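Only one chain is given next, in structure tokens, and it is the form predicted on its own.
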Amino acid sequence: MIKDLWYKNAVVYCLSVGTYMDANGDGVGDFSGLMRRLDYINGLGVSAIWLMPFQASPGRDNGYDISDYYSVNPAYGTLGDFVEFTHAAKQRGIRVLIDLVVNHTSNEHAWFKEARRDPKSKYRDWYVWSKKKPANADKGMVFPGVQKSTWTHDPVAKEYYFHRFYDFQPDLNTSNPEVQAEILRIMGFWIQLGVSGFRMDAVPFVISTKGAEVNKPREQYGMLRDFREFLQWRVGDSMILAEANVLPNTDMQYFGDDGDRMHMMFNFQVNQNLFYALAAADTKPLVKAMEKTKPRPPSGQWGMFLRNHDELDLGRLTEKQRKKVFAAFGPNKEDQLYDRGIRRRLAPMLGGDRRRIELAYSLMFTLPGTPVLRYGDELGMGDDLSLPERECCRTPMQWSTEPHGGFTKSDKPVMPVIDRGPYGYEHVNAAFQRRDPNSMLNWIERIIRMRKEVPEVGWGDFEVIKAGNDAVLALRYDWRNNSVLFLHNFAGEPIEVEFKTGLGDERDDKLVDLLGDAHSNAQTNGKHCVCLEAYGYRWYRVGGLDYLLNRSDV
């Protein structure tokens, strides 16, 4: 059972092939370069690599505008290179997840070209058309301020086509059974080439009804069950991680009451409230978000993250909370995007403060779910705000002090490497940090190793412990008669807390520090007294280390 649900206690590492490592010197990262860095990734201790889109694409939206689902972008290599990569990853015990972008295609996809050219083509109904511009065309844009409409007139088809995203990304008519069958075919193709699962892009849009007459889209949740059934039939332990930024009362519709839909979902609710807690030293909304998203089927899991390739969306916070987060982490207009989020990487958002960065990652690794780490964050990489929109936090990986950070030998990298300021590659790079035992890289390696040794987080139930101070989050996890307890101080000053573990047996007496030697013995009143430094954190095993002798999962 545990091996089948491998994702419950995994650590996922997300990267873009094009900005990770260039082996042939053309300025673009490729699968050969990624192969060279597999041992580096393996050294981190991650369980799975999530690849952002690498299929053929005009590249107008970082590969999210796909023009051929059954190919590899020639700049990155060949299908043979991809298969060699998945095989090499498997040899190291690392699974491969890939982006599944099926809400829309590129307008240069052969399907769309045929659809716009011939009204009698079967592909015409693979997209969403209207003879007149719908009345609601100026609503529902994903990128307000950049998009002016969700319907664009096509001069060849002489009709309007629907696009939830940019106008060069026409939406697929996912209600069409032929389109649904094609999505399964795409999944099956990559599964056969060694993929263990998919991060499905924009899931709420994929399953929504679309059309000129649709004023209130309806979600077709049955599609999610079809996707899962197909995957389980092909390869039993493959999975789907859904990008679905929805409200908690809708979560179970995506997981399925019987756990028969999505295996995993990103927890946007906790993510946004986590940044509010970091900004305000107030954990109450974070605790509420955790409790609201607690219900999930036994086979379901949350994906926990700090930052990703998009902006930090703050749309679920109140106006007052959002202003607090903007003031703390994105006070300038150049830091913000669409007036709803922050486009920066984590390290510069937190002012490069190592204490706060460690606190944030300690939280990510101990909140209920599976941690998802973005490439470069293990080094504390920064961003380039001179780049447009979300490009600022998608700069190439910084490997060394060689030109262009060792990413490429070309003088024209696909994107400029950060080469100035405190986050320039001369100061922040993997080669330097590998040699420094106290570096961010080595700290991340140690925290990943310890996270994998506390499966209670991935498998168990959590309980919030009363610590007597809203700036401190105290969490206990229980699983198979074993318990771990985590403390995090969001405040910029030391705080002493007194608390009971809440187990009510002899294990309450002893807390063993898993990251240091600050063990704790209960006082005569049964409470533990712990002093947390500013932005401090503790990982404890409750009841000592005897658990190793009787743990059934060892």
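Just so it is clear, the model here is predicted, and its values are computed rather than measured. When you see a residue number, it is the position in the sequence shown, counting from 1.
Although it is not shown, the form predicted in complex with a small molecule is what the next lines describe.
Taking non-hydrogen atoms only, F432 never approaches the small molecule to within 4.5 angstroms in the model of the complex. Interface membership of M264, defined by any non-hydrogen atom within 4.5 Å of the small molecule in the model of the complex, is ruled out. In the model of the complex, D377 stays away from the small molecule, with no heavy atom inside 4.5 Å.
Although the partner is absent here, F486 sits far enough away that none of its heavy atoms falls within 4.5 Å of the small molecule in the model of the complex. Q169 is the sole member of Q272, Q169, N173, Q321 with a non-hydrogen atom lying within 4.5 angstroms of the small molecule in the model of the complex.
The listed set F326, W459, F143, Y221 contains one residue whose heavy atoms approach the small molecule in the model of the complex to within 4.5 Å, identified as F143. Only one of 290-298, 305-313, 409-417, 343-351 places residue heavy atoms within 4.5 angstroms of the small molecule in the model of the complex, namely 305-313. Although the small molecule is omitted here, in the model of the complex all of H104, F165 and R199 have a heavy atom within 4.5 Å of it.
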